[in-house]
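Taking the form predicted on its own, here's one chain by itself in structure tokens.
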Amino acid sequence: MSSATGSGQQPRVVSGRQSELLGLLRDEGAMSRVALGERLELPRAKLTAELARLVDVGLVQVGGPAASRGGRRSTLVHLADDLRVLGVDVGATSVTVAVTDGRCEVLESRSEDCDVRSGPAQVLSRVAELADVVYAKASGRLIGAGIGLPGPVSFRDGMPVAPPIMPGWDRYPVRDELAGRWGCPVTVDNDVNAMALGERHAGVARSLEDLIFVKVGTGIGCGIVLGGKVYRGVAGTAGDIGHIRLDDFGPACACGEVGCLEAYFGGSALARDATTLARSGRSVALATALHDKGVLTAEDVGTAAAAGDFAAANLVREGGRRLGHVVASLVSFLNPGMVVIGGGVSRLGHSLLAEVRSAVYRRSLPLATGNLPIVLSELGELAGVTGAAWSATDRAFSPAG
């Protein structure tokens, strides 16, 4: 981002109480002083002092009467209107950049095709250009940025670690480069973790403490939220379900192994199998699409299946069944409150969802699935940028140390 849009001096949060207060205003919206004091269990004098400090550094504004609860009306407290956060979602074949307000509500966003294999210098340069575009349309004070990447990430170090589909990215200092460019704190996470946070903050899984988010795109991954926090594992590879082996003699996978779930049902695998069906003449719809376009995608499979093409519908059924078997194991092991399916391939829609549900309900314990919703993502392509922004505010609202 250009220096003209840099944030300059960052507002400082100096106590855990201030951090809690900011998090509550982010997640709940404007609140009265009385309600804030009750939720945080703070005496009036302490709350007043903490609010005064946050107003002084420009993170909070006070104004407008709250709803009457009898007696003198309290005033509403809310996050400053000019707070801005950048959220970035880098996928294998696309990138989305958004600017949000302090509550992580998207104000402007841009998406475009982008091959992550072109390397960090080219991809991050394009991310910065898109950030300039969206920020120019919703400018304010930039307090943080978050980015999701399609591979294993060291959240602590802010860099990808040995990502299978990202040549040239291993241990590239993504956080430090973007923080230097934008002049604000930056968080770097796996893209599926960001999507899980996005759905929990503003989507179909709002406020659920325990959920799993399954992304089916070019690759397949899973974001795990336990007790309201992302579970990343020791090395940041938790939820890498795309490389669970289903068959010792299955198709080759991008990770170098064979028979992985991703090799059967990721976007690239669907395109591969669709091309085989088209060339063999077993699918008239896919053969026509291949002739017209020269190349097939997972979206073409969905279109053909929806039009009644048996071979294409069978690809969706088989892929959904395999995915459902893996998700069933996760459900039995983690007992989540919800399973959310997202990513580009999830646009196959309810035919895919039906297969996953059938496999999970059939193979998992009734006690785990009795009240378990298995649903499609509500935020779609904005799930990742929303979650990345939420992660960024978590960092920006933490005590400086």
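In this text the structure is predicted, and so the values were computed from the model without any measurement. We number the residues from 1 along the sequence you see.
One more form of this protein should be noted, the form predicted together with another copy of the chain, which is absent from this view; the next part is about it.
- Contact annotation: Ala235 falls within 4.5 Å of another copy of the chain in the predicted complex, judged by heavy atom distances.
- In the predicted complex, at least one heavy atom of Leu365 sits within 4.5 Å of a heavy atom of another copy of the chain.
- Not displayed here, another copy of the chain is approached by Tyr231 to within 4.5 Å at the level of heavy atoms in the predicted complex.
- In the predicted complex, another copy of the chain stays beyond 4.5 Å of every heavy atom belonging to Gly37.
- Listed residues Arg282, Arg321, Arg141, Arg103 were compared with another copy of the chain in the predicted complex; Arg321 is the one with a heavy atom within 4.5 Å.
- Only one of Gly158, Gly267, Gly302, Pro152 comes within 4.5 Å of another copy of the chain in the predicted complex through a heavy atom, and that residue is Pro152.
- The stretch in contact with another copy of the chain in the predicted complex, judged by heavy atoms within 4.5 Å, is 330-338, chosen from 39-47, 54-62, 24-32, 330-338.
- For the stretch 193-216, the set of residues having any non-hydrogen atom within 4.5 angstroms of another copy of the chain in the predicted complex comprises Asp210, Ile212, in sequence order.
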